[in-house]
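This document starts with one chain, in the form predicted alone, laid out as structure tokens.
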Amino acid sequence: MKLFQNKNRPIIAHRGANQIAPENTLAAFELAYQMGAEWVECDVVLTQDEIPVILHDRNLLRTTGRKANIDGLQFEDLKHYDAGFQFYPNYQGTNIPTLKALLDLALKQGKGINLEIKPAKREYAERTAEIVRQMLRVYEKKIPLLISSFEFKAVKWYAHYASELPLGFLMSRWDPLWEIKISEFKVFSIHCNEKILNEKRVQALKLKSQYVLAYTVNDLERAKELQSFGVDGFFSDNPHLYQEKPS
């Protein structure tokens, strides 16, 4: 799988176009695709009744204004939660989307998704991975998909049970054992906090994966510097960060 068809736009829209539409909603993802992003990144978590939905935080207070944990709610409960309240009035009443709804959107647009498996609790990691995998079977040959997670158990589950899906290894802090960890399975891409990257580290990472990606990059000059180190692409809140290929 080729990650970027258009190298002039090496952007994965972080939670969609979340600066102008509510994060991790269909509105944000559709807008990101319309703005030229080939890929969006999102977080997948299970409700109490094990419906995979798109949400970053376990608690819904930040994104809906209501204090409740996603793993304590049935899917039907989510109809009463407004994911667009911070963008009033344009996105008032925006729903928390299901994974299926996003997959259908990507299929319609012909675009890709980086799915970050985000279990509400660590002990849910493998179960979350399994249920998401069941849903992906219908779509995996139709749209580009990339699986990643900070929960290493979820990544290992995919490496063992769904090895045909490309996997991304994430690092928020530099892990001196990263090479040992990824030696257990084939890594398609390595996703790093941009703050921990320098040229030496990028070159070491590129020896072990097809792509090195940096998050979350919203400054064009920093993006150009990272690209000079060899970084292949960027997670950004701004799908228009690259209007032209950086020199």
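These numbers were taken from a predicted model, which means no experiment stands behind them. One rule holds for the numbers: they count along the sequence shown, beginning at 1.
The same protein also exists as the form predicted together with SN-glycerol-3-phosphate (G3P); that form is not shown, yet it is the one meant from here on.
- For the options Tyr139, Tyr81, Phe75, Phe150, the one in contact with SN-glycerol-3-phosphate (G3P) in the predicted complex, meaning a heavy atom within 4.5 Å, is Phe150.
- For SN-glycerol-3-phosphate (G3P) in the predicted complex, the listed stretch (113 to 121, 90 to 98, 154 to 162, 173 to 181) containing residues with heavy atoms inside 4.5 Å is 113 to 121.
- Although the partner is absent here, Lys206 is not a contact residue: none of its heavy atoms lies within 4.5 angstroms of SN-glycerol-3-phosphate (G3P) in the predicted complex.
- Taking the partner from elsewhere, His56 is found to have a heavy atom lying within 4.5 Å of SN-glycerol-3-phosphate (G3P) in the predicted complex.
- Among residues of the shown chain, Asp43 is one whose heavy atoms approach SN-glycerol-3-phosphate (G3P) to within 4.5 Å in the predicted complex.
- Using a 4.5 Å cutoff between non-hydrogen atoms, Phe234 does not count as a contact of SN-glycerol-3-phosphate (G3P) in the predicted complex.
- For the partner-free chain shown, His14, Arg15 of 2 to 28 come within 4.5 angstroms of SN-glycerol-3-phosphate (G3P) in the predicted complex, judged by any non-hydrogen atom.
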